[in-house]
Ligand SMILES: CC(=O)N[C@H]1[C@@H](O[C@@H]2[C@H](O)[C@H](O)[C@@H](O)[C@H](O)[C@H]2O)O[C@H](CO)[C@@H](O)[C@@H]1O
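Shown next as structure tokens: one chain only, the form predicted alone.
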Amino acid sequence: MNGLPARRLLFVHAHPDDESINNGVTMAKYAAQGAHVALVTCTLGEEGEVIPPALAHLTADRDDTLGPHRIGELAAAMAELGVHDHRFLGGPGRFRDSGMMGAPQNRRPEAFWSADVDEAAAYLVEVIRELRPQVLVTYDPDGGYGHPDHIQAHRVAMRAAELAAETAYRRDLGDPHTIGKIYWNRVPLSVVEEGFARLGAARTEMSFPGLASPRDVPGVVDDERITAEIDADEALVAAKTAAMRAHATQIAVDGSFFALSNDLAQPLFAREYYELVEGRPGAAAGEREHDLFAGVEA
């Protein structure tokens, strides 16, 4: 196993910053426990908007240097979470940010949305067979909120998990490996409603001029769909918050709230939630897991 820790966890995300918003607590918690936490990011996020005016020149319609800048932001965020293994699918810049759904950027040949799923998945198969994770975390089929790169990241992650396990597939990429459990990022509806109630009560104390809505939160589902929740202490919440701040072109943080480039406040969730979609549950029926490795450590 090349000296890797006994527990190995792989996250697949579309752009730098997605990992900190969705999984910052989870990544920091398992890294602190000594698990091997790995992140594969599928694009550099070149088409993102930029919050700080002093960095506005980085955008795609000006210098088009936001992607390289976000490599540095991601490295700083991972340092805050204690994660040392973070990679870009196929190498930095292999796939370009596709922009929002329906944008002309979707149709660029180099756009992630335009990539052949099996060809893109091969890069991830190599990572899976190298690291041999027991647990994979990615998005649901809608990518959480319909962004083409998130949808494509879901497709590539799920296909790569399938191909990595096939004995006859590309032995040049390593020996076959079956991932024990696959989770999708989720947020229970009750938690979203509570978060926005808290947000409304604190509105006059925040620096953001407006409020987002629960529809802006990706991956919201009815509470009964949630199969796992990861709790956080103050140190883990602080690590997640610091990681989000490190993505300064994309995220502004104010206490327990944050905003993206639209400057609309939304809750920063300290507890993180998941839906198990492949593998054996590590909790009794109707109960939630509190460890993503539950049932697979043996």
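The numbering used is simple: start at 1 and walk along the sequence shown. Because the structure is a prediction, the values reported are computed rather than measured.
Separately, the form predicted together with the ligand exists; it is not shown, and the next lines address it.
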Find the only residue in P188, G90, G99, G174 having a heavy atom within 4.5 Å of the ligand in the predicted complex. G99
Single option in L260, A248, A232, L268 placed near the ligand in the predicted complex, where near means a heavy atom within 4.5 Å: L260
So which stretch, 201-209, 139-147, 72-80, 220-228, is the one near the ligand in the predicted complex (non-hydrogen atoms, 4.5 Å)? 139-147
Can you confirm whether E272, E289 and A294, the three residues that make up this candidate site, all sit within 4.5 Å of the ligand in the predicted complex, judged by heavy atoms? no
Looking in the predicted complex, any heavy atom of E49 within 4.5 Å of the ligand? yes
With the partner left out here, check for me: in the predicted complex, does some heavy atom of G45 sit within 4.5 Å of the ligand? yes
Is L10 part of the interface with the ligand in the predicted complex - any heavy atom within 4.5 Å? no
Any of the heavy atoms of L276 lying within 4.5 Å of the ligand in the predicted complex? no
